[in-house]
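Starting off, we have a lone chain in the form predicted alone, written out as structure tokens.
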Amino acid sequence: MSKGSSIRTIHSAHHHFGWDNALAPVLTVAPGEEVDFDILDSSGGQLTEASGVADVAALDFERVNPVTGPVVVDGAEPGDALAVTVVDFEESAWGWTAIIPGFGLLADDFPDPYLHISHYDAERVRFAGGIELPTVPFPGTIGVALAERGLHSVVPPRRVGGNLDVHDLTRGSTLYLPVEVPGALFSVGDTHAAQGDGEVCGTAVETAMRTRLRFDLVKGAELPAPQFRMARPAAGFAPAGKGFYATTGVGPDLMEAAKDAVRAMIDHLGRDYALAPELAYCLCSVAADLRISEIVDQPNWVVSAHLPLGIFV
């Protein structure tokens, strides 16, 4: 990522935990301006390349999901949309994927902590022996301050953004965020090197990263929730030539159908690729895309999990 003389940087020391419209901004930017953000991984630096399972169990949840900022965007007013274009990334060299007790789609199935370390560059994530993923960087948490006073957890997504985990928000995509407070008070964090739609185990390839963002305003947009424009779907980055394998869950409850689709994929990975259940669950989180395939033929709906076969090298 080239460094232009006019590009300002917000360093990772300027981070906070949770959304609060009383936080003092660290920078004011004009519409059209680009800014570099240094972003901590979602553990806030608690996990390192040398960490083990005990470090996952000892995580201090008061220090997870730090976001860099906040930034005031000059002229942003309630009712506007803040348009945030993802310009570029400067990737680091390693990332982690964990099973955190009590967290994730299949928390009841996987009650014990687990940690997997991946290494990556700008092109590929070396997830495990014989498994390589395309590197598709994006910020998992990206949003603006709420109008409601007080400190609000950064964990759940909200109508003003936050922990969206939309892997299509990679280079060239533009996210439109509803503005609720003057100046918007924008922050960003939780960068990932790769993730499947759903992030089913609760974590992706979590990693520190630098990202460059451009800010613009759409006056009077009155958006009900975040919207985005993408250059192309992140799924289009999946390794080509080998196709996909998909499993399904069928039933009257979408959440249970999603769980069944992932359980079936974990079983498939164990049977056909000899992956341990914990590693297979993590692989589903970083590489498989959950889709609602059918939601009109009551009483049962269909959720499918799609895994690109090109990741097996």
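All residue numbers are counted from 1 along the displayed sequence. No experiment lies behind these values; they were computed from the predicted model shown.
This next part talks about the form predicted in complex with another copy of the chain, which is not shown.
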Work out which of 89, 120, 96, 176 lies within 4.5 Å of another copy of the chain in the predicted complex, going by heavy atoms.
176
Looking at 69-77, 144-152, 197-205, 120-128, which lies within 4.5 angstroms of another copy of the chain in the predicted complex, counting heavy atoms?
197-205
Does residue 165 reach another copy of the chain in the predicted complex if we count a contact as any heavy atom within 4.5 Å?
yes
At 4.5 Å between heavy atoms, is residue 232 in contact with another copy of the chain in the predicted complex?
yes
Heavy atoms within 4.5 Å of another copy of the chain in the predicted complex: does residue 58 have any?
no
Taking another copy of the chain as it sits in the predicted complex, is residue 104 in contact with it (heavy atom to heavy atom, 4.5 Å or less)?
yes
Residues 9, 25 and 52 all lining another copy of the chain in the predicted complex, heavy atom within 4.5 Å:
no
Any residue of 274-312 with a heavy atom within 4.5 Å of another copy of the chain in the predicted complex counts; write them all down in order.
290, 291, 292, 293, 294, 295, 296, 297, 298, 299, 300, 301, 302, 303, 304, 306, 309
